[in-house]
Each structure stands twice: as C-alpha cells, then as structure tokens.
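Coming up is one lone chain in structure tokens, specifically the form predicted alone.
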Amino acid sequence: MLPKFTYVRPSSLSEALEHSRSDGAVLHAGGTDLLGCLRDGVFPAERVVAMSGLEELRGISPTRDGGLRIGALTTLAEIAAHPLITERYAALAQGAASAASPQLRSQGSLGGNLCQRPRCWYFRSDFHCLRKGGAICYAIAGENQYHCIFGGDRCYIVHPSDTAPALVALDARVRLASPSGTRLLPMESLFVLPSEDVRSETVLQPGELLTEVLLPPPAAGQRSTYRKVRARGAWAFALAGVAVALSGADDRVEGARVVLSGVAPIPWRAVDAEELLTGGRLDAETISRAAAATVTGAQPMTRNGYKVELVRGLTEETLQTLALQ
C-alpha cells in the first residue's frame, strides 16, 4: 500500500528544483521503479515531485559538434527505435530495447533507468540492510547468486541498468542541475561504489536532478553492441552483460571500451581487456585474451561463481560478432 505523501507537478525545471530541495522529496519520472519502492516501503517519501510536465527534459536531437542530446524524460522505447541511435550508437539502442517489458519501456525514462535503486532482494524486502541504514549486508552469508563479483565492499549489489553500461562504453556525459547551477560529468563518474558511499548509487546531491545525456560524435570506424544473459528470455535483469565500443580502421582497433553489467555495483569497465584490444587486430587470439582479461580481479561469492565464466564467454562471443562487422 502506498504511503501518504504530497504530490506536486511543477511546470518548469526551476520549480522542480525548488520542490526537490525539501526534506523527504522524491522524483517521479516514468514511475516504473519509484512507485514499487514506495508501495513496498523500501524508502519513505513525504513529497512526490512529478516531472512529466517538463517538456524541456524530453526528446532526442543532434548537437552542434555532431553528437546527440537525449533528455532525461525520453522513454526507453523512443531511444530503442530512434534511427540516429540505432545507426550510430547501436549499443545504446540494444541496451534500451533489452530492458524490462514493452509496456515498461514505453513508460520508463532514461533518467529513471540510470538512477533506479538496486534490485537486491534484501534491500527490496523487510531486511534492515546496510544500504538502508542497518549494520550488515545479508547477501554475504545469504542468497547471493545474483550479486556482484567486482567492486563489492560491505554491500554487494549489482547496478541494474542496461543503458548505463552502453553509455559508459560510448563515452557519454550527463548533465546535473541544482538551484546553484549545472555540472557536466562523464557518465561513469555518475555512479558510486559502496566503498565510497554505502547508502547511495549516484553522486546526485539532495535537490539535484539529472536533466540530459550527451553523446559525443562517433569516432572514426566506431561500432558498438550490448548483449546480456538473463534467467529467462525476456523481461529480466542481467545475470551478466557487456557493452563494447570499438573504433579504428583497416582491421586495427584504435580505441576500445568494454563495460560489464549485472556483475558490479556500478557499470564496470574491464580496463585490462580494453588495453589488450587497443592497438591490435581483432583476431581470434586477441579476442580470447581480452575475454579472459575481463574477469581479472573477480571475487565471486559463495553462490555466484558461475558469473566468472559467463562474463568471459559472453565477452568472447560479443567480440567475435563485432569482428565480423
């Protein structure tokens, strides 16, 4: 049952920022995650600030430098189907298309997908876990088959977004707005590890909103893709996923980004794999070595060791697919 709260629907960004500064305020974009959290008592809310009236936060448009701007309220369905995204930023289109169900993609926003709360069943249920202000992470000695193998420290969530790893791989930036102004960050700097802040998933401060995502012009010869493995064929979160963006010409890789999903509290860059790919050819030996490098430093828990081989195999298949393009 939903708790009692004040509902406001601002007509401008400045008005939304003013409302979001109040204690107990939460933002309502598509609402596909927020309403479930409120109904289940995951966190409280005294004021719900509905963003649906802010048309300036919608839409997809080219930028002057040849890149692309995506408003935070743009739906996942719009992103998955947009011709400029499918043509130039395939990994993002594929990430958006693989999220949730058709109904949720038509309602859910890009900003909400990036900022959604963890899907850990301890966090989402009645357990007073560390992330909710408790003393322990119940996953450490509990049911942890879907938890992280990288970046765990006291709390072992995985980041649930499918668009976030694609945007990190594509070197996107994100704009945050507050009453004092705006700031522009690399997409990968938006997310926070538990070792930095065990209560938050992003660097967003109280009263600060995510307003837009900016994609740079595609690099020469850029090709990208996103793939994920899930427990069922559709409408499920990633057990493991990988977003890859490569650039270069004449069969030589000049730039590489490999970003994992479903295995860490943030979109996880496989830096060792990126270094192996950069400057070489995308042949069978390089692909095999890079795939093995993606699991360097993995620390599986008692029930999720399968993710190590899953990541390696998924990355190898993904790179083989890109090599044929």
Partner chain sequence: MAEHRDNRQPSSSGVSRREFLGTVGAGTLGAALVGPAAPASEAAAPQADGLAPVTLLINGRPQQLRVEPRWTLLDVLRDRLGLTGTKLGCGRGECGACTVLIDGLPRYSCMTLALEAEGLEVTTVEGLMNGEELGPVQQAFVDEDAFQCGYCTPGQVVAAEGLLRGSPDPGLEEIQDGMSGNLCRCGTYDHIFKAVRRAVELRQSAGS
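Positions refer to the first chain, counted from 1. On a predicted model such as this, the values are computed, not experimentally measured, just so you know.
One more form of this protein should be noted, the form predicted in complex with its partner chain, which is absent from this view; the next part is about it.
**Student:** Report whether the minimum heavy atom distance between P62 and its partner chain in the model of the complex is within 4.5 Å.
**Tutor:** P62: no contact with its partner chain in the model of the complex.
**Student:** Is it the case that G221, even though its partner is missing from this view, gets within 4.5 Å of its partner chain in the model of the complex, heavy atoms only?
**Tutor:** So G221 does not count as contacting its partner chain.
**Student:** State yes or no: in the model of the complex, is some non-hydrogen atom of P102 no more than 4.5 angstroms from a non-hydrogen atom of its partner chain?
**Tutor:** Answer yes; at least one heavy atom of P102 falls within 4.5 Å of its partner chain in the model of the complex.
**Student:** How about W235 - does it come within 4.5 Å of its partner chain in the model of the complex, if we only consider non-hydrogen atoms?
**Tutor:** Flag for W235 set to yes.
**Student:** Heavy atoms, 4.5 Å, its partner chain in the model of the complex: which of 148-156, 249-257, 94-102, 168-176 makes the cut? Say which one.
**Tutor:** Result of the contact check: 94-102.
**Student:** Of the residues R281, H28, R289, R69, which one places a heavy atom within 4.5 Å of its partner chain in the model of the complex?
**Tutor:** Of the listed residues, the single hit is H28.
**Student:** Can you pick the one in T86, S106, S189, S200 that has a heavy atom within 4.5 Å of its partner chain in the model of the complex?
**Tutor:** When its partner chain is considered in the model of the complex, the option within 4.5 Å is S106.
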